[in-house]
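Two forms, one protein chain; C-alpha cells for each follow separately as structure 1 and structure 2.
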Structure 1
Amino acid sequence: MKARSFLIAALCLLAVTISLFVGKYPLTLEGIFSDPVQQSVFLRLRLPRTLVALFGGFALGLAGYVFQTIFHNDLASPDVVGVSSGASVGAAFAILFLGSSALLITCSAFLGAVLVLFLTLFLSSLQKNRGKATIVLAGIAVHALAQTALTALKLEADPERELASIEYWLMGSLNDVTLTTLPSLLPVVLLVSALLFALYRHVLVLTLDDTEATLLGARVKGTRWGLLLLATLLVASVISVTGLVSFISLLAAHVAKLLVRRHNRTLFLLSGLAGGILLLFADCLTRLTAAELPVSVFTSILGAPALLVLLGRKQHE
C-alpha cells in the first residue's frame, strides 16, 4: 500500500513537472529566474495552467467518485444530473447576450450547472419513489431540456463568431487560463474538497442500500442531496472555467481502484489525484499542435479505450 501511494505521488509530481515545462513559449530553469519575460510567462501563464489542470482534474476525479458511489454504478458521472448541459446553456447564454468577458461566461456557466442540479433534484422530489433511479431519470429529462435550450441558443448565434465560440467552449480547453483565472477555481475546489473529505463518512453510509442506511440512522435523501450538491459544485467550478472536459470524472475513480480496492479516504484521495494526473497529461498533449486542440479530444482518445479496458477487466473478475 505504501509503495502504491508513493507511485501515485511520484506520477503526480512527474505530470506537474512536465506540465510546467511543456508549452509554446520556450522556458528554461535558469531563464525563469533571470529573464523577466520568461518569468512573466511562467508565473502568469504556465504555472496557473498547470495548477488549473491539477486541481481541476482533482475536483473532477473526486466528483466522479462521489457520483459513482452514491448511485452504486461504475458508469455514473456528474452528467447523470445534467451538470454539463446546464453549464453549456449558461455559457452559451453568456456568449450570446452578455458579451465575451471570460468572467461572465464562467459565472453564467457555474450558475447554469448548479441550477440544473436543483431542477433535477426538484423533479425527482415530485415522484413518490425517492430512490436513486428517480434522480437519474429526472436528470435525463433535465439534460434533454437543457440540450433543447442549447440548440435554440446555437440557432440564434452568428455562425462566424458566437457559434464558433460556443462550440469551442463545449469542447473544453485550458488555453485561456491565466493568473486571473485561479481565483475563480482554486478556492472553491480546495474548500469543497476539504468539506467532502470531512464528510466522507456520509459517502460510506450511502454505499449501503437505502433501507439499511436508514436503519443506521442516516437521513438518506438529505445526505444524498447534500453530497450531490457538493460534488456538483466541484464540477461546476471546473467546467465553468475550462468548458466541458470529457471522461475525467468517469475514469478517475476506476484508475484509482486499480491501486486501492476498498472504499476509504485513501481511495477518495487517489480518485482526485488520478483525475489531476489525467488532465495534466491531456492538457500537455494539447500544447503540442500548432493550433491548440480542445482538451476533450485527448481525454476522449485516452479515456474511451482506457475505460473499455478497465470495465472489461472488471467483468472477468
Structure 2
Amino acid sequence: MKARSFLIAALCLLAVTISLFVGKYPLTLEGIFSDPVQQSVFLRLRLPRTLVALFGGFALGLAGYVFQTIFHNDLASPDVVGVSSGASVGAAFAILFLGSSALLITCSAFLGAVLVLFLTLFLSSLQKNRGKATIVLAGIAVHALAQTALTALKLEADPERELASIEYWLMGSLNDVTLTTLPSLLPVVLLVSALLFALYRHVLVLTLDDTEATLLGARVKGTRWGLLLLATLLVASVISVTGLVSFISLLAAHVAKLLVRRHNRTLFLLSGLAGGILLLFADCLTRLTAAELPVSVFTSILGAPALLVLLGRKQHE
C-alpha cells in the first residue's frame, strides 16, 4: 500500500511540474528566477492555473468517493446523479440574473446542485424495491430536466454577452484562471475537505447497511445529508470557477480503488489526489492544442469509455 501511495504522490508531483512549464509561452527554471516576463507569466497565470487544477481535481475526486460510498454504488458520482447539471443551471441563472460575481455564482451553483440532489433522492425513494441502480436512473431523469432548464435559460440570455458567457462556462476551461481566482476556490476546498477528513468515520459507517449503522449508534439520515451537502459544496465551488468538468469525480475514486482495496483514510486521500492528477494532465493537453480546447473534451475522452466499462461490469454482476 505504501508503494502505491508513493506512486500516486510521485505522479501528482510530476503532473504539477509539467503543468507549471507546459504552455504556449515557454518557461525555464532559470528564466523564472531571472527573466521578469517569465516571472510574471509564472506567478500570474501558470501557478494559479496549476493550483486550481490540482485543488479543483482533488475536490471533485473526494466528492466522487463520498457519493459512491454513501450510495453504495460505483456509478453514483456527481456527474451521473445530476448534481453537476444542477450546479450548471444554478451558475447559468447567476450569470443571467445576478451578475458575474464569483461568490454569487458559487452560491447559486450550490443551491442548484442541492435542489437537484433533493429531487434525485425523492424520485429514487418512490421506487418500492430500491436497488443500487435506482439512484442512477433517477439521476439520469433529473439530469434531463436540468438540461431542459438550462436550455430555457440560454433562450432568455442576450446572444452577444450572457449567452456567450454561459456557453463558454458550460464547456469547462481553466483558460481564464488568474491570481484573483484563487480566493474564491481554495478556502472552500481546504475547509470542506478538512471537514470531510474529520468526519471520515461517519463516511465509513455509511458503507454498512442502514440497519447495521443504526445499531452502531449512527444517525443515518442526518449523517448522510450532512456529508452529501459537504460533497455537493465541493463540486459547486469547483464548477463555479472552472465550468462544467465531466467524469473526474467518477474516474478518480475508481483509480484509487484499483490501488487500495479497503475503505480507509488512504483511499479517501488517494481519491482526491487521483482527481487532481487527472485534471492537471487534462489541462496540460488543452494547452498543447492550437485553440486550447475545453478541458471537458479530454476528461470525456477518458470518462465515457470508463463509464461504459463500469455499466457493462454492473450488468454482468
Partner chain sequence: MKHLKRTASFLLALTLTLPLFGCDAPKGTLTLTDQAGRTVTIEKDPEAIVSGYYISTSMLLALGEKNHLVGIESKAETRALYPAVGLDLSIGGYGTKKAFETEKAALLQPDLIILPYSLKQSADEISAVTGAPVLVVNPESDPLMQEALSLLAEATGTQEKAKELTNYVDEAISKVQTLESTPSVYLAGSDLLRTAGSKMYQSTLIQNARTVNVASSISDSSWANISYETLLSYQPDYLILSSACPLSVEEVLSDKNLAALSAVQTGNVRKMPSLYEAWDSPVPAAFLGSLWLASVCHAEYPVSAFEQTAEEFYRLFYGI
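All residue numbers here follow the sequence of structure 1, with the first residue given the number 1. Predicted model only: the values in this text are computed from it and were never measured. So that the term is clear: the rigid core is the largest set of C-alpha atoms that superpose within 1.5 Å between two forms.
Both panels show the same chain in isolation, but it is structure 2 that comes from the form predicted on its own.
The Cα shift for S165 between structure 1 and structure 2, taken after rigid core superposition, is 2 angstroms or larger.
Core-superposed comparison between structure 1 and structure 2: the Cα of W225 travels less than 2 Å. Rotation of the smaller rigid part against the larger between structure 1 and structure 2, from C-alpha superpositions: 21 degrees. Once the rigid core is matched between structure 1 and structure 2, the CA atom of L117 is found 4.3 Å away.
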